[in-house]
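Let's start with one chain on its own, the form predicted on its own, as C-alpha cells.
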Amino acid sequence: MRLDQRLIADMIEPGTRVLDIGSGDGALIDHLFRMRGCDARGIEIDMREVTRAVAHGLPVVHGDADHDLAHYPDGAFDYVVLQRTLQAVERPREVLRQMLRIGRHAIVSFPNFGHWQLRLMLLFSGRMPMTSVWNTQWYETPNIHPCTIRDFLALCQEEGYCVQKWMAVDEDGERAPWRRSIRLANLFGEQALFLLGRKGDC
C-alpha cells in the first residue's frame, strides 16, 4: 500500500464499517478486511480499477463521489475515506458534507499544494509545477481543485467539522518537525491526512 493508505488504516478502529471513495484497485479495502476485521467496501470511478478489484473478490462498485454519495443512507458507515481524491472532485465542500452525513468519521488525504518546492517552482519558472506527487501536465491532470493544508483547515472551520487528528508527511513518511505546527506543515508537508468528526463531536 501507499504511505497514505497505511496511515489511513492506522486511524480506523478494527471491526468497523468503512466506505473507501476512490478505492482504486482495492488495496486499502483488502488490508482493512484481512488485518483489521472491517466491513470495508469501495466506490471507484475508473472502471478498469473496479474490474481489477472485483476480480480479486473485493466489494468495489463503479461510482462517482460527486453524484453517488447522496444515495447512501445517513450513518451507514463508521468511517468514510477519501484518499487522494479531494482535489479531483467537482464539489469538494458537498462531498465532505455527504461523507459526514453517511459516516460518523471522515478520513481525507490529499497532496499539499502549499509545499515549498511547488511555491519555488511557480515563483521561478512561472509554470505549473511537476513533482513526484503532482506528476501530470496541467492539461491532462484530473486535479481541478488543488488546495493547501491551511485551505482545508479553513473549510473545516467554516463547516464546523471537528478535526480529531491531522498529520502532514513527505513521500518517505517523515513527519517531524512540523507535526505540531500548521504553518510548518503547510510549508514542508507533501501530503496531508485529516480525521474529521461531525459538528459538535469535538
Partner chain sequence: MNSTAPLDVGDHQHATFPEGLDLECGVHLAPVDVAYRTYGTLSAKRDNAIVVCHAFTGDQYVADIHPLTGKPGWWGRMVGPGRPIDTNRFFVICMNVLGGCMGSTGPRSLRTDGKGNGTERWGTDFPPITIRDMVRAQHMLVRHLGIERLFAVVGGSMGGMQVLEWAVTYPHMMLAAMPIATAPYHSAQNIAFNEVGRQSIFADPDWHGGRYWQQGVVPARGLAVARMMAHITYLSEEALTRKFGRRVRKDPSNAQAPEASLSMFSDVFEVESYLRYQGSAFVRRFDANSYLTITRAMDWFDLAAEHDGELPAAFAGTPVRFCVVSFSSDWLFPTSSARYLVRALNQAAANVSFVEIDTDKGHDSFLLDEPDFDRTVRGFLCGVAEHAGLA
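The shown structure was predicted, so the numbers you read here are calculated from the model rather than taken from an experiment. Numbering follows the first chain given and starts at 1.
FYI, the form predicted together with its partner chain isn't displayed, but the following is about it.
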note = Picking from 157, 51, 135, 164, the single residue whose non-hydrogen atoms come within 4.5 angstroms of its partner chain in the predicted complex is 51
task = Tell me, yes or no, whether residue 169 is in contact with its partner chain in the predicted complex, where a contact means a heavy atom of each within 4.5 Å.
result = no
message = Would you classify residue 145 as touching its partner chain in the predicted complex, given a 4.5 Å non-hydrogen atom cut-off?
response = no
ask   = Is there a non-hydrogen atom of residue 60 within 4.5 angstroms of a non-hydrogen atom of its partner chain in the predicted complex?
value = yes
ask   = Is residue 73 close to its partner chain in the predicted complex, meaning a heavy atom pair under 4.5 Å apart or at it?
value = yes
query = If we check its partner chain in the predicted complex, which of the residues in 1-21 reach within 4.5 angstroms of it by a non-hydrogen atom?
reply = none
